[in-house]
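To begin, one chain is listed below as structure tokens, in the form predicted on its own.
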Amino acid sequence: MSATQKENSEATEVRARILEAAEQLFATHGFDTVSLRQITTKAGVNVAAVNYYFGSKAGLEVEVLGRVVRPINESRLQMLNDAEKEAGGRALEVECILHAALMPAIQTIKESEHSDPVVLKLAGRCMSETGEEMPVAIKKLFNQTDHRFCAALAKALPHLSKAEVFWRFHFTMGAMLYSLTQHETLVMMSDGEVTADDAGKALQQLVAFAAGGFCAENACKGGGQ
């Protein structure tokens, strides 16, 4: 191994240690609570290393979250684009849109190479933290994707106002997150008769539930505000 190759290998290893440490700490304590010093201590590096590889703590946050968010959103959009192309301009079935919106997240998290508790906690942080706690770049990743799905749903459900579509999509994403992060509640509720171990069954139940909500009549008079 040449000196350059050795240097690149060491840099890759340091960068990976920082990402792993930050991921675990963010998942457990949240983005705003965790300090740069905590991350560097856990990773066994100095603060300068974070600034060198990621620019800042904010840059590190985006990188950590992007590892979870970007592949999921790319898959979601690809499924939606493929379905719309096949439909040839016709409105999609609500169930088809919801399947594309939900399946990649459920499948990716269930099949993640990372430990499930860390990934699920991180997913929860992605969806639940607000204000300055959530990096702007990650908010944009969610917003761009969610707007595409809401547009497809609005086309499929012309009886709903724009506000109603956003409300119901918001509830749907919340239900997905809850089902992924609180699956033990289902076991307790059913006294062990029902589990959420099967991702396919969980997806089927969630799509059916959400489709029922989307296809209901407009809940509010005067435009659904």
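Numbers follow the displayed sequence, beginning with 1. C-alpha atoms forming the largest set that superposes within 1.5 Å between two forms make up the rigid core. In this text the structure is predicted, and so the values were computed from the model without any measurement.
What comes next is about the form predicted together with the DNA, which is not displayed.
One stretch from 155-163, 49-57, 185-193, 172-180 that, in the model of the complex, holds residues within 4.5 Å of the DNA by heavy atom: Answer to the contact question: 49-57.
Find out whether any non-hydrogen atom of residue 34 is located within 4.5 angstroms of the DNA in the model of the complex, and reply yes or no. Residue 34: contacts the DNA in the model of the complex.
Is there a heavy atom of residue 215 lying 4.5 Å or less from a heavy atom of the DNA in the model of the complex? Result no; residue 215 lies far from the DNA in the model of the complex.
By the 2 angstroms cut-off, has the C-alpha of residue 169 moved between the shown form and the other one once the rigid core is superposed? Comparing forms between the shown form and the other one, the residue 169 CA shifts below 2 Å.
Core-superposed C-alpha of residue 18 shifting 2 Å or more between the shown form and the other one: Superposed on the core, residue 18 moves its C-alpha 2 Å or more between the shown form and the other one.
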